[in-house]
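The form predicted alone is given below as one chain in structure tokens.
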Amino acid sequence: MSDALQKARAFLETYLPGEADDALPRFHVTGGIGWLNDPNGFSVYRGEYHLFFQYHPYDTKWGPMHWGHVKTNDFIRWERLPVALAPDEPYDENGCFSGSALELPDGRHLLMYTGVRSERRDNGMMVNYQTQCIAIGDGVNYEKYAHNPVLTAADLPAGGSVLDFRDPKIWQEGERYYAVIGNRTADGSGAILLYESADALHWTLDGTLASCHNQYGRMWECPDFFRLDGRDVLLTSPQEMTAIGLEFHPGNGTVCLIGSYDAAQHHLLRENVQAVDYGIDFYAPQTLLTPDGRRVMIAWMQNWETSGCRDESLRFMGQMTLPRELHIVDGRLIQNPVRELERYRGTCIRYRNVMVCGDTTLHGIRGRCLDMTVEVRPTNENNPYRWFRMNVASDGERRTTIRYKPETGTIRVDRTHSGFPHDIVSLREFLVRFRHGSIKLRIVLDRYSLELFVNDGEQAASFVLYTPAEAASISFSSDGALFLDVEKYDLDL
């Protein structure tokens, strides 16, 4: 074990808070202490679900990337394991960047990641070269492959940039291994490259699975490619997005491309393109296939544009989303919380056919660790209400607001009044499928986060909350009369 890895493990043994610490989310993964970003190595190994993540344990700011490590049996309760990787070789001296994992036929666990090193160019400028590397272990301890890196500049297509060559996602089909990797092409835009191997160690380029052509952002990061409900799906996270209506926001985004894979050309034929998540805080999603056949996704619940603003009272920065089950319905991505969450539901408080016209609160409807479904419908379709609004994580002064306007078919989530004293992105608005004023909203709260699922998962939206955890009131209001159903569970963990 290298000195760098020993140092990181010893640091956590000394300073890591207990999992019952009230300053931590109850069931969303964090580093416990320090900085966390992209999920890595989301995989099934020896019957358990393992998750690694980009990690800088020594500060709540981004730094030299390690791989943190947790595992679970149910996606809700996570066991923290020792740090798996540290930047301790010449080829990854500047960080062990994002990657993936799988279980080998001989029972070992293989990690494939991007190693970053510095090199001075002929013009005197220092640049970061990115290569793909392997580590193999037993679920706790991992040894880096003696012949790393396994993919270098020599393995790129013509015009591909070794400065933007990262985030391998590996999987197995039959006796062959495949990996998709993000790259920047000669025109400055992103592409997803497809590689193939017989042993997961020696790789050849099959071709370009998908190209950006500067249409949806530029560099495409963190790809994931899989088959789902008879369609082929590519998830990727573009940088430098420009806004496209209310579907895509500017900055760092997430895109889902749905289509069919042309095996002869090694190319995805697009049929639909949509956002993966419509909130503020969601990036770099990664999926696994469970033994019972579910495709489950997790992502970094944070935003690069806002991650420089931190609550200095907290010792951690960054958390993961709740894992979500994926489906394709009518050519679109559907996502809902993993069904295992329902095992942790406590007593149900239920209201039916509550007429709302103005401001309303309901006895027992409050909390910051809950799973709640709210259904709204007009009392008269010929005279619909103008808007419905719900405030959560509220204490009278601070709040986060969810508003639905049936006339425009839009939902707006606003955390401007959450009490965070920084001018960061706080509002997101998106279109929902028109349903004559009826809408179903599922809200999952966990101390410092809000995840919203619209109309049984037709859309999802993720938000970090900066409101103090003691702010737990929930209220409803409307302009015009409507009927309201509420089903609320506190989550017992």
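Here the structure is a predicted model, which means the values were calculated and not measured. All residue numbers refer to positions in the sequence shown, first residue = 1.
Absent from the display: the form predicted in complex with beta-D-fructofuranose (FRU). The rest refers to it.
Heavy atom within 4.5 Å of beta-D-fructofuranose (FRU) in the predicted bound form: which of E221, D224, D155, D371 fits that? Just give me the one. Partner contact (heavy atom, 4.5 Å) among the options: E221.
Exactly one residue in F75, F97, F248, Y177 has a non-hydrogen atom within 4.5 Å of beta-D-fructofuranose (FRU) in the predicted bound form; which is it? Checking each option against beta-D-fructofuranose (FRU) in the predicted bound form, the one that comes within 4.5 Å is F97.
Taking 4.5 angstroms as the cut-off for heavy atoms, does S462 touch beta-D-fructofuranose (FRU) in the predicted bound form? Result no; S462 lies far from beta-D-fructofuranose (FRU) in the predicted bound form.
Is D277 part of the interface with beta-D-fructofuranose (FRU) in the predicted bound form - any heavy atom within 4.5 Å? Because no heavy atom of D277 falls inside 4.5 Å of beta-D-fructofuranose (FRU) in the predicted bound form, the answer is no.
Does the 4.5 Å heavy atom contact test between M65 and beta-D-fructofuranose (FRU) in the predicted bound form come out positive? M65: yes, in contact with beta-D-fructofuranose (FRU) in the predicted bound form.
So, in the predicted bound form, is H109 in contact with beta-D-fructofuranose (FRU) at a 4.5 angstroms heavy atom limit? Flag for H109 set to no.
Have a look at 26-34, 443-451, 421-429, 54-62 and name the one stretch with heavy atoms inside 4.5 Å of beta-D-fructofuranose (FRU) in the predicted bound form. It is the stretch 54-62.
If you apply a 4.5 angstroms heavy atom cut-off, which residues in 165-197 are near beta-D-fructofuranose (FRU) in the predicted bound form? Contacts from 165-197: R166, D167.
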